[in-house]
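First, one chain by itself: the form predicted on its own, in C-alpha cells.
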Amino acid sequence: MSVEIKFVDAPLGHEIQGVDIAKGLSDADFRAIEEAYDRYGVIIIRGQKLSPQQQVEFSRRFGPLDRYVLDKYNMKDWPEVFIVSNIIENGKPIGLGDAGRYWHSDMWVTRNPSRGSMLHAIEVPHDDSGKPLGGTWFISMQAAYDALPEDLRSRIEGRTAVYSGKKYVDFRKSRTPVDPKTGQMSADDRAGMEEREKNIAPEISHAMVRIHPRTGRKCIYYSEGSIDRIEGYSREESEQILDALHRHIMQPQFLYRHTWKVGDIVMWDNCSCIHNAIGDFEWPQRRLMHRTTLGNPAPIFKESGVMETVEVRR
C-alpha cells in the first residue's frame, strides 16, 4: 500500500487514502499515518471494515489503550472498545447515546487525559431523504493558539483552569432533552448523569496552554461548560476571559465538520483539538460506533516547557 493524504480546506480533518487496515499495514505506512495524526490532530480513514479485535490491534500500534470510564458500555469480549449508540435491545440501550454533545477534549475529568480517540462507524443515521445525520465538529486548538490576539494570549499563558464536576453535570443536564409531557429526562439519561456524578472529582486543574508531547506545538486546552475559574483571577475576570476565549476558538477558520459514512474511522488528538457531536437524530434512526481510547504516551502533558502539576481536589 502507499499512503496518500487528501487535504480539506481546514487545519485538520484530512483524509488518509490508499489504506486497508484489515489487510495489515507496513511499518512505513503506519508511520505515515501516525505522523499525519500527530501533525494535524484529526485524520479520516474511509471505507474500513474492522472487527472489534482488528480495531483494538490497530489502536495498540499507537501505544497503550485506556478504557472508557462508563464501563457498562464497554464490550464484554473486548473491553477496550466503548460502544456509542442509541440502539435499544431488549428494552435496554446497548451503548451511550448522548456521547460528547458539547465542545470538549475527551477525558479532561482525569489527571492524565488520554492521547486521543478512534471512532469506527458501523451504522450511521439518515433522514428520510438519505442525508447522513449525527455529524461531528472538530476545532484545531493549535491553530486557534497560533492566532490568539496578544492580549488574550498573555492572559491565559502559564495559567491554570479549575474544572468543576458539579458545573459540568449541571451544564450537561441543561443540554439534555426532556419529555415534554413530564419535563423529565429519560431513565437512561438520568442513569448516565448519575454515573457521571459518581466518576468525576469535584475539582481538577489543567493548564490552559499545553505543549503537545509529540510535536512541541502549543495548544489551548479547553472544555465548554466545565471550567469553574482561572486561578489568579477573580470569578468575574475568569468569566470574561473564558467568554473571549470561547468566541475566539469558535471562528470558522479553525473548524472542520465531519459527515459520517459507514466504514469511516476518525481519529482525534485530545491535546490539539476539541470536538462536538451533533445530536440531530433520534430513535428509530440508528447510530452505532465503536470507540477505542489511546493512552497518553507521556507521563503527563507539558506546559510552558516544564512538567505540569495537575491537582485533583476531593
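Note that the structure is a prediction, hence the values are computed from the model and not measured. Don't overthink the numbering: it's just position in the shown sequence, from 1.
One more form of this protein should be noted, the form predicted in complex with ligand SIN, which is absent from this view; the next part is about it.
J.: I need to confirm a contact call. Of 219, 139, 84, 81, which residue comes within 4.5 Å of ligand SIN in the predicted complex, counting heavy atoms only?
T.: In short, 84.
J.: Which pick from 255, 277, 245, 265 sits with a heavy atom within 4.5 Å of ligand SIN in the predicted complex?
T.: Contact residue from the list: 277.
J.: Decide yes or no: are 39, 44 and 269 jointly within 4.5 Å of ligand SIN in the predicted complex, with each residue judged by its heavy atoms?
T.: No, because 39, 44 and 269 lack any heavy atom that approaches ligand SIN to within 4.5 Å in the predicted complex.
J.: At the 4.5 Å heavy atom threshold, is residue 119 in contact with ligand SIN in the predicted complex?
T.: Looking in the predicted complex, residue contacts with ligand SIN include residue 119, since a heavy atom lies within 4.5 Å.
J.: Any of the heavy atoms of residue 155 lying within 4.5 Å of ligand SIN in the predicted complex?
T.: Looking in the predicted complex, residue contacts with ligand SIN do not include residue 155, since no heavy atom lies within 4.5 Å.
J.: Quick one: does residue 229 come within 4.5 Å of ligand SIN in the predicted complex, counting heavy atoms only?
T.: Outside the cut-off, so no.
J.: Would you please decide whether residue 200 lies within 4.5 angstroms of ligand SIN in the predicted complex, comparing each non-hydrogen atom pair?
T.: Answer no; every heavy atom of residue 200 is more than 4.5 Å from ligand SIN in the predicted complex.
J.: Name the stretch, out of 284-292, 247-255, 54-62, 28-36, where some heavy atom lies within 4.5 Å of ligand SIN in the predicted complex.
T.: Only one stretch qualifies here: 284-292.
J.: Need the contact residues for 93-109: heavy atom within 4.5 Å of ligand SIN in the predicted complex, sequence order, or none if there are none.
T.: Stretch hits, in order: 99, 100, 104, 106.
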